[in-house]
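A single chain comes next, written as structure tokens; it is the form predicted alone.
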Amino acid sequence: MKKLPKEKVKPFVEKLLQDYEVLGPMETAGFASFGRIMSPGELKLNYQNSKKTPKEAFFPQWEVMFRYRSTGQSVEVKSAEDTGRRRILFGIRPCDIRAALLLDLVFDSLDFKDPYYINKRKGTIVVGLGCNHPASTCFCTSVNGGPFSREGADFFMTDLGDGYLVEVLSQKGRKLLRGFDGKEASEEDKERAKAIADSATRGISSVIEADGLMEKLEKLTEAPFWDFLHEKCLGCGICTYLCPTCHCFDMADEAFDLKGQRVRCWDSCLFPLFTLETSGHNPRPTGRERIRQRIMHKFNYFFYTHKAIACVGCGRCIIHCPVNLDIRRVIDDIHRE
């Protein structure tokens, strides 16, 4: 463990920018969001949680998969696969790191390999930042996470007030020490870091009961419960677009004349067109079936396929839902049903 004084953070990031593309939290329209940092001054490490998730580093909202052009005799296809870039995802919270681990189960599984995702993921060093002050809507400890969970991080930082306690957790993270201008952490620094982590964990007031939830949902497939729940939902999809684990996407060809490109963009199970078939039939014709799909996928289907809950307790869907549809209350209602 080492200590990085706060006045040396900017020089440290400047050195990183010489060798890497750095993505980090920055202020955009009054909110914290992750984007490419061009100078250390853009980095805002005192944020509580970003509005848009860092998953865009690996799974962009919109990306070109390949481009094609007809020559008359044949068709030339050129992949737009992202390879060779060295990147750092700097200052990412533990809940979002856990979300990336869940996305790995989808895009880098034994059955399916997505090169667009995998290449970005492998070329990125993840620098985690402990969450000293979890929001009142955070419930990460209920879904196998925590405000100071180090799982999935290559390099982890704890804000001590006057500096950061730094832990190197992988060989990828060790590469960053070449630009490091810190010193060995003292026992006092380590004790302060532990006290901060313990205090943050105790400060999480939101709790959901995940045990038994999967089994209870199986019995509620046709329950009247969904009729009442969907009446409140607008179907706007904001919860899915801000969720760090949602991964549904659509693909389309954008073509003009003899050339074009295939693009992939985020989609949402709450949208009516998501399951509309060519025949005109839609197996999820109303909001009832669509909101049921969202809840079932998070807490039932995903567990069956990957043995994990597809929720990290970040609270974004609670904060930004325009009708205050609270996932914590939904889960409480499911248990009562």
Partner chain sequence: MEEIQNKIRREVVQLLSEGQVDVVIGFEQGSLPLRATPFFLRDIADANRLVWSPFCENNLATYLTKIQGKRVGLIAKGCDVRSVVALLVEKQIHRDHIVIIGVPCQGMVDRRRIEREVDGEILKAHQEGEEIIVEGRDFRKSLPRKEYIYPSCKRCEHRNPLIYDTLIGEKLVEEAERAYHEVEAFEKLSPDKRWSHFSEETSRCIRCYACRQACPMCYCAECFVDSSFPKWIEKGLDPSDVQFWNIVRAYHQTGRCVGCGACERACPMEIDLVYLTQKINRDVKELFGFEAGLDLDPPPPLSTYRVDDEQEFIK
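Fair warning: this is a prediction, and the values are worked out from it, not measured in the lab. Positions refer to the first chain, counted from 1.
There is another form of this protein, the form predicted together with the partner chain, and it is not shown here; the text below is about that form.
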| property | result |
| --- | --- |
| Heavy atom within 4.5 Å of the partner chain in the predicted bound form - the one residue of K52, R284, R292, K298 that qualifies | K52 |
| Residue among D108, E209, E151, E254 with a heavy atom within 4.5 Å of the partner chain in the predicted bound form | E254 |
| L213: touches the partner chain in the predicted bound form, heavy atom cutoff 4.5 angstroms | no |
| Distance check, F180 to the partner chain in the predicted bound form, heavy atom within 4.5 Å | no |
| Interface membership of F31, the partner chain in the predicted bound form, 4.5 Å heavy atom rule | yes |
| Partner contact for K232 in the predicted bound form: the partner chain, 4.5 angstroms, heavy atom | yes |
| Which of 115-123, 87-95, 160-168, 263-271 sits within 4.5 Å of the partner chain in the predicted bound form, heavy atom basis | 263-271 |
| The partner chain in the predicted bound form - contacting residues of 104-132, heavy atom within 4.5 Å | none |
